[in-house]
Every structure is written in C-alpha cells, then in structure tokens.
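To begin, one chain is listed below as structure tokens, in the form predicted on its own.
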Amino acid sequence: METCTLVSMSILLGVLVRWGVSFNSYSGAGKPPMFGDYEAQRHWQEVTYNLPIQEWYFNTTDNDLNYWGLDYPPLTAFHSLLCAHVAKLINPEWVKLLGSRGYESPAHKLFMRATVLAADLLVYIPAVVLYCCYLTNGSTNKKVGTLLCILLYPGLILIDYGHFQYNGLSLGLTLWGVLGLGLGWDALGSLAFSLALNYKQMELYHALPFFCYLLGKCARQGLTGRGLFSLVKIAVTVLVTFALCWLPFLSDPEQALQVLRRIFPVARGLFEDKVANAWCSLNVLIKIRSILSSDSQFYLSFAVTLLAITPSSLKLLKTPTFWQFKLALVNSSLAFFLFSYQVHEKSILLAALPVCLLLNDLPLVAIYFLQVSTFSMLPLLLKDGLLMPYAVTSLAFLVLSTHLLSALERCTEAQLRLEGYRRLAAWLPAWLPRLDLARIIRRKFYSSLVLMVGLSVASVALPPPAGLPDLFPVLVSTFSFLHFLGTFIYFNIVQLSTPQGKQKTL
C-alpha cells in the first residue's frame, strides 16, 4: 500500500509539473506567417482530416508542403487524424481546410496541451512506472526516487509542454520496447519499438542496439534450434507491424517512395540552427558546408556515425545482456546525435531517455548529462518564451535528483564503473601520476553548473556584440557539445570495460 501511495504521488507530481508548464507560451505563438511546431501539429490534423490519405505526403493545391508539410512516418499521421476527429467534435474551425491556418485561441491551446498529456498518461508514464518497479534495482524508496526523477526530467517536459511536440509518445513506445526486452518478452518489445519507429524516424538512433541485442540473444540460444525460432518470431512481428502501418501506402510504389522522401529530407543539409553536435561545433572553425558538397557531407557523416557506433554494437552483439543493452542505447543515440546528418537540438531527447534509465545505476553522470541536455536547448527555449519554466524545472530536478539518488555520495571510481581505468593504471609507469577520476568528475559537475548558470544569465541579460549576433547560442552549443562528447567517451569506456556478468548496481 505504501509503495502504491508513493508511486501515485510521484505520478501526480509529474502530471502537475507538466500541466503547470503547459500554461506558458509555445513555439511560434503569434508569429505569422509560419508560426512554429504548435501550428505544424495543428496543420497535420487539418490535412489528415480533410484530405484523402493518398494526398497526405504530396504537394497539391490543398496541401502546400512548404507550409509544414507532413514529414513524419505514417503512425504520426494516424495520430494526427485521431486528434483531428476529436477537434472536429469540439470546434470544426480548428481543422477547417485552408481556413484554420495559424488558428490560435485559449480553448484550442487547452485542447492541444490535453492531447499531449493524454499521450503521456496512456503511453509514457505507465512505461516509466513499470520500468522503475520491475527493472530497477534497490529499495522501494530508491525505485520511487528514480521514478520521480525520470518523470521530472525538464528537457522532455519543456519541449512537449512548452515548445510543443509529442516526443513522449515515441519515447514511451521505445520504453515499452525496452520493457519487453528486459522482461524477456522479445516479440512484444520488438512490436513496441517498431511502432516507435513508425511514429518518428529519429528512433533509428535506438535501432541498432535493439537489433544487436536480439540477434546476439538468438545466436546464444542457437541459430539452428530455439534461437532460430525466436529470430523468425521477432522478424515476423516486425514485418507485420511495418506492413500494417504502411498498408495504405503500399498499393502504389510512388506513394511509399514519396513518404520515404518526406521523412528522410537529405536536401536540408548537414545541420540546422546551433545544435550541440560535432558538425555545428566544427563549423565555427571550418565552414564545412561551404567546403563540401551536400553528397560529401552526407557520406562523411554516415561514415563517422558508423565508425562511432561500431564498438558499442559489436560488444552488445557478443555480450547481449540487459546492462549492455542499456549502455548501447546511450552510446548509439549519442553517436547519432553527435555525428549524423540533419540533427536538430531537440534530438538530444533521444539520448536522454536511455540516460534516464541509468539514473539509479550511475546517478551523478546521468544527472550531469540530463542537466546539460536541457541547457543545450536554451536558445530554443528562450525563443519560445520559456525562461521561467526552464529555470524552475531545471533547479527542481537538480535538487531532487541529487538528494533522492544520493548522487554526490555514490561517485567513487568503483561506483562510476571505471574499472577499465584502474586496470590501465596498473600497467602505467610508476612515475606517472594516478588521476582521481571520481574527484575530477565531481569538480567538473560543480564547475559546469556554474558555467551553465552564467551562460543562461548572459543569454538573457547581455546583448551580443554587434558583429557576433549568435555569440551566446554558439557558446551554449559548443559548451554542450564538449560535454556530450565527454559523456559519449565515458559510456563507451564503461560498456567496453564491463566484465561479462557484472551487471548489478554497486
């Protein structure tokens, strides 16, 4: 009974914070002619409700693809259609074809915010609760503390309930996939992740760990017996799921090709805005987009991304344990964010989800990363008028998570999983100094917090130099990139140096 009460209180607090943030502004509020992501989601409801399915992804008189044309997989379109049917019942003006562009009203804002909360209550929050209850080690208090910290992660809340998107739905489906694999229900886990992929194509960030874990597990069972049966069952599940999601577009090959062209817009370039990845940071020194052709940029990013994810994937394939799987999810998503093509600042949420799953195992590093990931989106949040909720949710998360998870007390080298460094240090010459990595990480944590506060205040209070209008966004993205790169190296070291069978929290 006590556990149920604590879980219920955590869920209620998570919902209250989400709803509190939803009272603030959103992307593109009152900013014609394009407005922002809020209008994009509303427009997709308009398009899917009023036009035949064959026109959803095509440029027509009634569907101008240059005005927030649909560029997500079919499941997003079906979700938009579902929301549109509800919107039509409440107020037909909200989805009126061509007549509802830029529609804004308090009632419509309430409806749109409610659709995000409904998706969280149905998909994301139940998955978080089950993960913390059944796949997290430790006492009841530790599990509930982890649950509360995941539900209060400010990055996801600010983007979904401030800026406005439905990331909780795709991330929730992915988490259901993680749950399925963690509980041994591989086919159901594959089904859930296939749905996530068909909702947002960026879930490809997580695809390779799912593939390597399942293939490695089937190989261990034997590919001529039980393992082969499991592999076939998983493959059939994935194929049937994709076939059902894409069924309306499979009758005409041109339909399917057009959907693919829309969801993989290669022509957009290597990166947009000031995103905290390698290419944007390198572009400060070397103007990559001016030197290399679009094709060269694509092939370069593909090669570097493949190189970055290979060690983690091979390790998981060889040692398909759930601990290795969680680490591989972090490493794969960070590799894609840092080095892949066409990355947006909000894509860091794809790396934040698997890091959230490690809050109980590696609390200090996880909290450190989650704070920086929220900070990395500061220019976008300021643009949307979300300074106050950014400051309040970030501070609340920092205080609660470090206290509930005892993060500053659980940061010895052993607890930080730095066995690899200790083994390496034993082979170094005696005259070389032995670094206290635990102390270094703690000091970096404190100094980074100070720098994040300083840059946040400067971004708001100080005008940039006349010749450097993007100074503060560039500083934020470069600062965040360096931390993400360090986190990527750290988690690769942890994954590659973890002895087989050592999986439990220290």
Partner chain sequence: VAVMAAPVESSGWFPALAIAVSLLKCLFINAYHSTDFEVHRNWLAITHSLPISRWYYENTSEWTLDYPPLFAWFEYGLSQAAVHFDRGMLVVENLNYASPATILFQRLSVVFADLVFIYAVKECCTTVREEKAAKDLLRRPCFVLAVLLLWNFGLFIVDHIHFQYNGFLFGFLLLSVARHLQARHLEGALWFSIVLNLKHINLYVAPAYGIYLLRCFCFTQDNTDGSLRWRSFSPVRLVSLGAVVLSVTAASFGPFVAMGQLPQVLSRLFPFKRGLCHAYWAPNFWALYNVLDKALSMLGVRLGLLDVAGLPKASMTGGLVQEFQHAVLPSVSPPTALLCTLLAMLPALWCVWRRPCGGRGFLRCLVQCALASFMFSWHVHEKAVLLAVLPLSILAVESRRDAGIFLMLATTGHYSLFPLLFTPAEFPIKVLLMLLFTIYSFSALRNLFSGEGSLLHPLEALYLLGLVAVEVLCEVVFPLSPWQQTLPFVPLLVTSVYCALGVSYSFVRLYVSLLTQEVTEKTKRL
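Residue numbers count along the first chain shown, from 1. The structure displayed is predicted, hence computed values, not measured ones.
The form predicted in complex with the partner chain exists for this protein as well; it is not shown, and the discussion that follows is about that form.
The stretch in contact with the partner chain in the predicted complex, judged by heavy atoms within 4.5 Å, is 393-401, chosen from 277-285, 324-332, 393-401, 292-300. The partner chain is not drawn, but in the predicted complex it has no heavy atom within 4.5 Å of Leu496. Within 4.5 Å of some heavy atom of the partner chain in the predicted complex lies at least one heavy atom of Val17. At the 4.5 Å threshold, heavy atoms of Gly172 stay clear of the partner chain in the predicted complex, well away from it. Interface membership of Asn492, defined by any non-hydrogen atom within 4.5 Å of the partner chain in the predicted complex, is ruled out. When you look in the predicted complex, the only residue of Val240, Leu110, Leu306, Leu247 with a non-hydrogen atom within 4.5 Å of the partner chain is Leu110. Among the residues Gly162, Pro74, Gly145, Gly155, the one placing a heavy atom within 4.5 Å of the partner chain in the predicted complex is Gly145. Residues of 2-28 lying near the partner chain in the predicted complex, listed in sequence order, are Glu2, Thr5, Leu6, Ser8, Met9, Leu12, Leu13, Val15, Leu16, Val17, Trp19, Gly20, Val21, Phe23, Asn24, the criterion being any heavy atom within 4.5 Å.
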